[in-house]
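Just one chain is shown here, as structure tokens, and it is the form predicted alone.
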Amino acid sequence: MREEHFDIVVVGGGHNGTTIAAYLAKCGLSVCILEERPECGGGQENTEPRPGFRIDPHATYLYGGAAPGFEQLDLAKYGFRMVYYQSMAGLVTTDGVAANLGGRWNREVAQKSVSYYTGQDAVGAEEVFLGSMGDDGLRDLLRSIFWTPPLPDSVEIEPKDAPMWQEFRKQLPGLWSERLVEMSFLDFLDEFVPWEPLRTFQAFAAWYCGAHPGWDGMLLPSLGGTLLVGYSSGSPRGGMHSYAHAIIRSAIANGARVITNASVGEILVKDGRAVGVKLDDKASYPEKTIWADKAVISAVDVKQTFLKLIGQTHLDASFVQKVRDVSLKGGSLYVLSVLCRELPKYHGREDAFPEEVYPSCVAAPVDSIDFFHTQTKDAYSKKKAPVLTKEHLTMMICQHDVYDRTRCPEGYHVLSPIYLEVPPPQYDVEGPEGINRHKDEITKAALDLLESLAPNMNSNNIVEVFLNTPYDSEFRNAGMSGGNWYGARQSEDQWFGSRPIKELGRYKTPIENLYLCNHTSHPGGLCLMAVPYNLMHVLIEDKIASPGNWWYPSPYYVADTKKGSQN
């Protein structure tokens, strides 16, 4: 059999792996993507448990609207289409409050709805920003948070001078104060958002969209997740898989080769340099060794990369221990999908959620910030299945088909996903299968709570219910380590150049020509095309890639002078 040689071998065909392959193929490099599942896309997955009903087991909204990759990779040319929503979110409490929070395309809805309950122009955290910046300003702030590569080790800056805070001062000079740098998002909410249900909603929204709002020093990354979804204000038409398919088509059109059912057993290292990969015995591809003449890029998580795919003899023992210690506490999601005949009709004002501006996601119940704290304690402190009362079961209930009828047949609706935060399987005090042992009672309690808030969500309305726990997600998708879409905790010590650890903070590794491109690297989870965009700066520095004039770097990019620059 002949040997297979490529310039670049990408291990893992999820969102980040396919995107970096598309970038490098457009640079004219020969690229091979190796994916162990039958289909690429990773978390950008839709499934049809019944024909015509599309549910989201993982990712659900477009968070990457500010990404340079949409134009750099010509995704519209390869089939990407958006559906924009007139209302992104709403909130419901157990005592009859139902407030429509609108979205980017319909901001007056929120003002009208919130003022009905408060008697004043109370606004949320996003409006503090959106009301002061135009769309271009918000895009630039988001890019400074997420689409900016970490600085070289030789560059030291104060936290207040990080790119995201430089852009913040530029866009919002009147709001700037040094004390913001040390704030958590909860601190910010306490000061700027007076209405408790709205404050509670935004705490939950931040937790489900990014860095936990209770972590000090993470105000902008935490708020940034909610700003991302607000900036995009919609989802790919047909579901997240259409986003994945556009990226994959872009990669293939530029010459990348995609091999599925090709699980990698080992990243080959010779004289301290990554030279290729060896497929394991389960792989259906006949060639078991595939050589990389320029670089191997691991698009699987940091723990699998160094604890499974790289032989321990190639690594320092203290480095290996740091990798073992990387925290997976982040976003481990219990995911329900409900097929029904009617949308939920929540108690409260009958005109709160009219069909033409029905919220695409409803957070319920959000009576008190104490609800947020009890759920956090269940997931992070008690590390076990939630207590089955309303204070512990606040859910994010999504219904995309209000605006995208490709999601289900006429006469039906799909509530998918319905998210509930739970502990990662690895940390569950009852063991990895702890949540699974309680899934029947958790599901029943969640549906009972939903019916108490929306009385029409009863057995006459609900057709079928589907579930995947974090443990299920691990088996469904190898990239969802811990059932965790963050990949690793997004806190101050695992952010920017410290993510996931300082030695790996700029996508480079102790193994020459081995690079990381996974959500365990900066900036983390969500399908942003941000990790590959940031990695491109480093690959250009290292003279692995040489893009054409379609490429533009982050304005906050700082070159490693040891390697040259992109100028």
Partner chain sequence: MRQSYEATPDVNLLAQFPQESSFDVAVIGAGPNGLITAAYLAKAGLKTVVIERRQEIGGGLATEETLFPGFYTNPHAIYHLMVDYMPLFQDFDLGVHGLTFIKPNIQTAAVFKDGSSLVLCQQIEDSKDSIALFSDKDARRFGHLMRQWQKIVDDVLAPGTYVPPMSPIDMIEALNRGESGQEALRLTEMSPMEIIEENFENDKLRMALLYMSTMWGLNPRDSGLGFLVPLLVTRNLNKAQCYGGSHKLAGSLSRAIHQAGGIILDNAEVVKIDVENNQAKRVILDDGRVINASAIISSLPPPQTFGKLIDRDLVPSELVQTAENWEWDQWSFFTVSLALKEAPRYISEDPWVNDALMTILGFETYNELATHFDAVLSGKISDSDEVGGHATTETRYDPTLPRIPGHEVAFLQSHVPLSTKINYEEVGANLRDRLISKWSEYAPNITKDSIVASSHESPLDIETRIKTMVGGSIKHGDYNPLQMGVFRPHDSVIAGRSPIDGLYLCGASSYPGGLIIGGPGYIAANTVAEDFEIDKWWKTPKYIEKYKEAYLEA
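Numbering follows the first chain given and starts at 1. This is a predicted model, so every value here is computed, not measured.
Keep in mind that the form predicted in complex with the partner chain is not shown, yet the notes after this line are about it.
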*asked:* Even though the partner isn't displayed, in the predicted complex is Arg324 close enough to the partner chain, meaning a heavy atom within 4.5 Å?
replied: no
*Are any of the heavy atoms in Lys508 no more than 4.5 Å from a heavy atom of the partner chain in the predicted complex?*
no
*asked:* If we define contact as a non-hydrogen atom of the residue within 4.5 angstroms of the partner, is Gly52 a contact of the partner chain in the predicted complex?
replied: yes
_Taking the partner chain as it sits in the predicted complex, is Val275 near enough to touch it, meaning that at least one heavy atom pair lies within 4.5 angstroms?_
no
*Only one of Arg249, Lys303, Lys383, His438 has a non-hydrogen atom within 4.5 angstroms of the partner chain in the predicted complex; which is it?*
Arg249
_Please tell me which of His392, Arg104, Lys294, Lys160 lies within 4.5 Å of the partner chain in the predicted complex, judged by heavy atoms._
Arg104
_Residue stretch of 500-508, 38-46, 534-542, 516-524 approaching the partner chain in the predicted complex, non-hydrogen atom distance within 4.5 Å_ = 38-46
_Need the contact residues for 213-242: heavy atom within 4.5 Å of the partner chain in the predicted complex, sequence order, or none if there are none._
Tyr231, Ser232, Arg237, Gly238, Gly239, His241, Ser242
